[in-house]
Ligand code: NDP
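First comes one chain, alone, set out as C-alpha cells in the form predicted alone.
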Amino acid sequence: MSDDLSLRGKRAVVTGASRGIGRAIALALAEAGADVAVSARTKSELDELAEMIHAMGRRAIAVACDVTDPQQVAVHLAGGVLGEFGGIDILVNNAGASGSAKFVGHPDELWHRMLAMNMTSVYYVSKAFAPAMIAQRSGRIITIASIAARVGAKYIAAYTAAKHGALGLVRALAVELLPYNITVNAICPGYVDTPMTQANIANMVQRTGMSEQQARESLERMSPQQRLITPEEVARVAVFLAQDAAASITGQAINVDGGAIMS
C-alpha cells in the first residue's frame, strides 16, 4: 500500500463503535493500519471489538462513554485516549440515534434527545480532541451524518434538524481548522443495513401494520439502487477521508445513498 493510502502509525477514535457503521469503520481503519480507540455505552461489545483489532496487530482501547455528557467525553474518552496513544490523528464522530414523531404534538423529550445525540455530541467530542490535532498541526475529523442532513422528510423533524446542525458544524470547523492542516468532512448515508435501521423497521411494523418485509422494501425503494447501503460501504469512504490522499477534501458532505440525493 502506498504511503498516501496507508494509515500505518495513525491513531484513530471512533464513537458509537459497538455495532453497525461504527464497528465497520473501526475494523476498516485497523485493517488500513491504524491503532483504534473505540467508544460506546456498552463495554462488553467494545471489549470484543478491541480484541478483534488487537488480532490485526494494532493497538486498541475500549472506552465506555456517554457522548452526550461533556464530563465523560473530556475525562474518560479524550483523557483516556490521549493518555494511552499520546495523540490523535483521526476522529470519527459516529455515535447517534434515530427517532420519529409527527410534528403536531411532537414530544419535547424526543427533540432534546435527538439534538443531544446527533449534534451536541459531535460538538463535545470534536471540542475535546481538536486541541491535540491543533498542537500537532494535522488531523482528520469525520462525522457520520445522514441524507437527513441534506433534505427534509416527514415525521423526523428533530432528527433532521440535528443532522443539519451537525453538518453546519462540520462546515464551520473545516474553515476554522484549515490553517492547522486539519480536514473536517461529513458522510451522509441513506438507510444502512444496521441494527438502527432494523429498529426503524420494527417501529414501522408496529405503527402501520405492514409486515417486516414490506417495511424493509419501503426503505429499499428510497434508493435508486433499490437496496440498503452496507456498513462496509460507508466505512470505505471514511478510510479514504482519513488517508493522506484526501488532504484536499474538506468541508464536504459525501452522500452514500445509491444516488438518492444528487447534490
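Everything numeric here is computed off the predicted structure, so don't read it as measured data. A residue's number is simply how far along the shown sequence it sits, counting from 1.
Omitted here: the form predicted together with the ligand. The next part is about that form.
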Exercise. Give a yes/no on whether Tyr191 approaches the ligand to within 4.5 Å in the predicted bound form, heavy atoms considered.
Key: yes
Quiz item: Can Ala40 be called a contact residue for the ligand in the predicted bound form at 4.5 Å between heavy atoms?
Solution: yes
Self-check item: Partner proximity in the predicted bound form: Pro195 to the ligand, non-hydrogen atom cutoff 4.5 Å
Solution: yes
Quiz prompt | Contact label in the predicted bound form: Gly139 to the ligand, heavy atom within 4.5 Å | solution = no
Quiz prompt | Of Ile53, Val67, Ala34, Ala235, the one that lies within 4.5 Å of the ligand in the predicted bound form (heavy atoms) | solution = Val67
Practice problem: Indicate whether the candidate residues Gly165, Ala186 and Gly251 are all in contact with the ligand in the predicted bound form, with contact defined as any heavy atom within 4.5 Å. | Solution: no
Quiz item: Looking at 78 to 86, 131 to 139, 93 to 101, 174 to 182, which lies within 4.5 angstroms of the ligand in the predicted bound form, counting heavy atoms?
Solution: 93 to 101
